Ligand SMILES: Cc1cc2nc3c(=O)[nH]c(=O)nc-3n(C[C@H](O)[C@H](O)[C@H](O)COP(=O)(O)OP(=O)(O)OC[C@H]3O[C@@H](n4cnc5c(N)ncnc54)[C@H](O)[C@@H]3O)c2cc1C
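Next comes just one chain, in C-alpha cells: the form predicted alone.
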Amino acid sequence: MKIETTSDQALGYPAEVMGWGRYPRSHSNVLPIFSPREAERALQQRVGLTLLGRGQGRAYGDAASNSGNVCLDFTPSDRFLGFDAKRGLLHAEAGVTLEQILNEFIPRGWFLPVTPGTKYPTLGGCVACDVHGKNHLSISNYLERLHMLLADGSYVTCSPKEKPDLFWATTGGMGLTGLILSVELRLQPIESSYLRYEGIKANNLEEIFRLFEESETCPMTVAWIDCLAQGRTLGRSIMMRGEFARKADLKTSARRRQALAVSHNPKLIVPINFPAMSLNRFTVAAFNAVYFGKHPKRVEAIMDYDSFFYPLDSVLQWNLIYGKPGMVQYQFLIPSKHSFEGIKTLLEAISATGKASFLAVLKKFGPMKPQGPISFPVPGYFLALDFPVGNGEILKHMERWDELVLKFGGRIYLAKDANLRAETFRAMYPRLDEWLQVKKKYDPNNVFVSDMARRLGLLSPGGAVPKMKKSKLGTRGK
C-alpha cells in the first residue's frame, strides 16, 4: 500500500503498528521512504528518536515495531535498478516484494532462489530475516551485495568479501545494523513455472524422518504435520516434495505454450475477525483427520508454483481466523544430533497441552556453511506452529517449550517470535556477542532499534539504552 505524507509530517504520521500475527500491537510514527535521500533526511532529523526500517510487516511479532519512535516504511521504495540476464543478477530496491519479482521475471525464465511461504514480503525484509523456504539454504547464500545507509550517515556496500562482518550481521540481523536500501540477488533459471510434485503419507514421526533422509537429493521438501496426533500416530505427516518441471514434462501443448506463466489463482478473503473459539482442539482435530484421511498414500502431479509455494496466499487476511487478540507462531529448530528426540519430546509436550495449531510444518536443513551470527538456519529439523493468543495462556506454555528447545541445543526463529526472553535467546545463539560487537562498530549509539531489540537485548554494548518513548500517538484516521 502506498502511503502519502505531507511536509509538516517530517517524522511521519502516528499509527498502530503490528506484525502479521497482530500481537503485540504498538504505536509509532510511520514515515514513508521513497528514496535514499529521504532515508538520509530521516536520519538527520530524528531528534533523539530511534529508527527502524519496515517493509510489509510480515514478520509475526514485534520485529518491525518501534514503540513511540519512528518506523521507516520502505514499501514505496520498490524499483528494479538493474538486471544482468547472463548471470541472473537482479538489483532491486528494498521495498520490492517477492510477488513483484515473480511477476516480472518468471516470463523471462527466472525464479527466486529462496522463498518463504508467502510472496508478499519485501526483499529488504527477507534479507533482514535471512528467510528460508522449502529448499535447503537461506537467502543469504544467494546475495551478491547489500547497499546500506549506516547510523553515521554513510552509504556503504557490503558482501561476503567486502565488509563481510556487516554483511553477515545484517543477514538475519532483523534490521538493526543499518538501513538496507537495495539488494543484489542471484535468481535461478527455470524452463517452466510449474513443479513436479509428489505427496507421500507418513503414519508417524519415524516414517516422516525416514522420508526426509531419503529425500536429501530432492531440491525442495517440506511436511505438513498433525501436531495433535498422539501415541502410535504421533507425528503423522504428509511429505511434500517438488522440483521445477522442464518444459518437456508438461503434457499438453497449451501448457507448454504457457510454460512460463505467472499464476493468477483466484483469491478468497477473510473479511472479519473470527470468533475466539473457532480454532480449538476439536475443530483442528477434525480438520487434521479429514486432511490426512483424504490424501492418497502417494500422489504425483504437475502443480503451478502458487499452489506449491504459496497455498496460504490464496486466502487474503487469513490471520483474522485467529480472532481479535491475534496469533503467535512457535518456530523452533533442533540440531541434527538431537533432532528426532527433540522434535518428539516437543510434539508430546505440545499435544499434551491441548493447544491446537491449525498450521504445522516440519522441515529439514541439511549441511551448510556458517550463516550470520544470529541467523536461524543450522543443520537440523525445524517445526513451525501457529496458535491463537486468546487469553495469553499459550505464552506461558511457550516459555516451558523454550526450556525444552534449549535442552536439545535448539533455537527459536526471530522472524516469528513475540515471546522469547533475553536470557533464553542468549543461550540459544552462542554467537550473539560476535553480532553485538558488529552492532557496536556500525551503530554504537543504538540509532536502529525495534521492540524486539529492547526485549532481547540486541543493543550496542556501552551505547545509549533507548527506551520506548511515551506517546499519545493514535491510529491514523482516528
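Residue positions are given as counts along the sequence shown, with the first one as 1. Everything quoted here is computed from the prediction, not taken from an experiment.
Not on display, but discussed next: the form predicted in complex with the ligand.
Asks: Can you pick out, from P388, G372, G242, G178, the residue that has a heavy atom within 4.5 Å of the ligand in the predicted complex?
Replies: When the ligand is considered in the predicted complex, the option within 4.5 Å is G178.
Asks: Answer with one of P36, G57, P32, G409: the residue that has a non-hydrogen atom within 4.5 Å of the ligand in the predicted complex.
Replies: The residue in contact is G57.
Asks: Counting only non-hydrogen atoms and a 4.5 angstroms cut-off, does L312 reach the ligand in the predicted complex?
Replies: Within the cut-off, so yes.
Asks: Hey, in the predicted complex, is I225 touching the ligand, heavy atoms inside 4.5 Å?
Replies: Taking the distances in the predicted complex, the answer for I225 is no, it never comes within 4.5 Å of the ligand.
Asks: Can Y142 be called a contact residue for the ligand in the predicted complex at 4.5 Å between heavy atoms?
Replies: Outside the cut-off, so no.
Asks: Please check if T118 has a heavy atom lying within 4.5 Å of any heavy atom of the ligand in the predicted complex.
Replies: Answer yes; at least one heavy atom of T118 falls within 4.5 Å of the ligand in the predicted complex.
Asks: Pick from 58-66, 427-435, 22-30, 42-50: which stretch has non-hydrogen atoms within 4.5 Å of the ligand in the predicted complex?
Replies: Of the options given, it is 58-66.
Asks: Given a 4.5 Å distance limit between heavy atoms, list every residue of 403-426 close to the ligand in the predicted complex, or none if there are none.
Replies: Heavy-atom contacts to the ligand in the predicted complex: Y413, A415, K416.
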